[in-house]
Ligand SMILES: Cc1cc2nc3c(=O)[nH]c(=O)nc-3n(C[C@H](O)[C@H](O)[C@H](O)COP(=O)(O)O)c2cc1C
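Taking the form predicted alone, here's one chain by itself in structure tokens.
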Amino acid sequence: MEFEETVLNRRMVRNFTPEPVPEEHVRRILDLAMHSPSAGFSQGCAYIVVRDALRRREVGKIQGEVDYAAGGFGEFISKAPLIIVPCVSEEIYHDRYREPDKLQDDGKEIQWPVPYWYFDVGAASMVVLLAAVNLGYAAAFAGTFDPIALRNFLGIPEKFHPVGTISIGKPAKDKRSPSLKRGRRPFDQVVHFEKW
């Protein structure tokens, strides 16, 4: 698929067929995610692949899937044949920026005006979403409101923070978000040349 077509076809799909995602596609999606931006090449992202039906069901519960289903979106987390849980470690970024080639002139770590670890895991998550679409799948991201429960259930080390779940599978008829009625903001309201 052409890049532009992949981007324009990407949307949050909230219903999937039970058709499994082959291992080679899972690996391809995650290999591409590993090529996403990484401040200082810190590489502080990690992923958990959940395919087992019972484990997907529990992840769906932790993610508040009952509320999604009540809103008419269905059980798009537990019923997706593949769930990827993107995680990020702030600690890895601090460790990296305390290495000699990243220290400031005063010998200290930068002050982090922006927490780049969250930018990086967001960029990696977008690569996962686009890679899935590029391979003919659909996907949906759902942020987590209970990272501790998700961490405990999936055995995620304390230094990693799970940011949500990405459900992936072949698309089935789904309910589109009512938020789409807002439409896209006009280009001139979003893009500013030379200054705001």
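We number the residues from 1 along the sequence you see. Because the structure is predicted, anything quoted here is derived from the model rather than measured.
Beyond the structure shown, there is the form predicted together with the named molecule, which is absent from this document and is the topic of what follows.
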All of 11, 143 and 177 within 4.5 Å of the named molecule in the model of the complex, heavy atom check
yes
Would residue 47 count as a contact of the named molecule in the model of the complex, using a 4.5 angstroms cut-off between non-hydrogen atoms?
no
Heavy atoms within 4.5 Å of the named molecule in the model of the complex: does residue 68 have any?
yes
Is residue 76 close to the named molecule in the model of the complex, meaning a heavy atom pair under 4.5 Å apart or at it?
yes
Counting any heavy atom within 4.5 Å as contact, can you tell me which stretch out of 110-118, 68-76, 97-105, 81-89 lines the named molecule in the model of the complex?
68-76
